[in-house]
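Presented below, as structure tokens, is a lone chain in the form predicted on its own.
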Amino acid sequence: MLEAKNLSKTFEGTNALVNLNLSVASGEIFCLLGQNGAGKTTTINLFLGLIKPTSGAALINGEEVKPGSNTNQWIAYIPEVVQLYGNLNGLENLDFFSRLAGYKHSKAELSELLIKAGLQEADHTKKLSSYSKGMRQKVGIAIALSKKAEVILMDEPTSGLDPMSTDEFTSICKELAAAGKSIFMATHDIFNAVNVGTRIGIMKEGKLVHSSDTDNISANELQQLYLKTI
């Protein structure tokens, strides 16, 4: 569903991404680790089509991401801080962003999507201004589900979450993957990456310097490898 082929990006002579090659199939969760400035967010922005590659290609469902392509129909993006309207409640936010994506759902369908994303029904009619970060992310996941996204891109989704919220978020991601969704997650959270991911990559100075299945590495081993790498 998601693929990078010799994907590179240069900003004013500085290499932000260098010949990235990776693929994420349906049902996989790829966690990309790296320090700030390693190229993680640049990679996400290239898949979103927010910036153009200097060379190579980013592909979604086999189609290259470029002006005029239809790749946005396949993807959803959950940033570190999900930007929603604080004066609207959960249902209203979901309805608004679903309509922006061209989907119209009944109130019952919207409620079902929020429940599927892990948000308790009692919170559906509360103003977003009262939501925690974890609750906001659940609305973000519901938005991804509402537009039937097959690929979900996430940037530091567990940053600032307490352990219980992180565990809930991990469970939701695993459920999405079990349903065939492809998840690409940029993160600093080594231990959660091992817990949630099916594959892990480590990026340094714009290059993917390590990639492995999570079945083949423990959190402690990954931490030691990460510290040596950076």
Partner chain sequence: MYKYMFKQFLRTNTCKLGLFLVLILGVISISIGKQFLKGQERIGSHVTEKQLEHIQRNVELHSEDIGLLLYYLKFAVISEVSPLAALSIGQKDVNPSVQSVSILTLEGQKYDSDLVNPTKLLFGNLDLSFILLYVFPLLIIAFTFSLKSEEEETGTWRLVRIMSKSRLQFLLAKLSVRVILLLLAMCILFVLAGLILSIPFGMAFLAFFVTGLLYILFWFSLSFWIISLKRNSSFNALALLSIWLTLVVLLPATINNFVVTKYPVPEAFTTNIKQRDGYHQKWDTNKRETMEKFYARYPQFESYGYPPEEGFNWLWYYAMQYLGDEESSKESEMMRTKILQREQMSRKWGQFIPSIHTQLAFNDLANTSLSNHMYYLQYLNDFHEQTRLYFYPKIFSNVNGKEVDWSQFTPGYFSLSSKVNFRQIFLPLIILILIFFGLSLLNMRRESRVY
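Whichever C-alpha set is largest while still superposing within 1.5 Å between the two forms counts as the rigid core. Positions refer to the first chain, counted from 1. Just so it is clear, the structure is predicted and the values come from calculations on it, not from any experiment.
What follows is about the form predicted in complex with the partner chain, which we do not show.
K.L.:
Under a 4.5 angstroms heavy atom criterion, identify the one residue in L59, I172, I51, V194 near the partner chain in the predicted bound form.
P.N.:
Comparing distances to the partner chain in the predicted bound form, the residue within 4.5 Å is I51.
K.L.:
Under a 4.5 angstroms heavy atom criterion, identify the one residue in E109, D95, E156, E150 near the partner chain in the predicted bound form.
P.N.:
It is D95.
K.L.:
Check N45 for me: does it contact the partner chain in the predicted bound form (non-hydrogen atoms, 4.5 angstroms)?
P.N.:
Judged by the heavy-atom cut-off of 4.5 Å, N45 is in contact with the partner chain in the predicted bound form.
K.L.:
At 4.5 Å between heavy atoms, is L84 in contact with the partner chain in the predicted bound form?
P.N.:
Contact check for L84: yes, within 4.5 Å of the partner chain in the predicted bound form.
K.L.:
Is L100 close enough to touch the partner chain in the predicted bound form, meaning at least one heavy atom pair within 4.5 Å?
P.N.:
So L100 counts as contacting the partner chain.
K.L.:
In the predicted bound form, does Y77 have a heavy atom within 4.5 Å of the partner chain?
P.N.:
Yes.
K.L.:
Heavy atoms within 4.5 Å of the partner chain in the predicted bound form: which of the stretches 59-67, 163-171, 177-185, 31-39 has them?
P.N.:
The contacting stretch here is 59-67.
K.L.:
Pick out the residues of 191-219 whose heavy atoms come within 4.5 Å of the partner chain in the predicted bound form.
P.N.:
Going through 191-219 in order - heavy atoms within 4.5 Å of the partner chain in the predicted bound form - there are no hits.
K.L.:
Given a core-based superposition, decide whether the C-alpha of S159 shifts by 2 Å or more between this form and the one not shown.
P.N.:
No; S159 is a residue whose C-alpha shifts by less than 2 Å between this form and the one not shown when the cores are overlaid.
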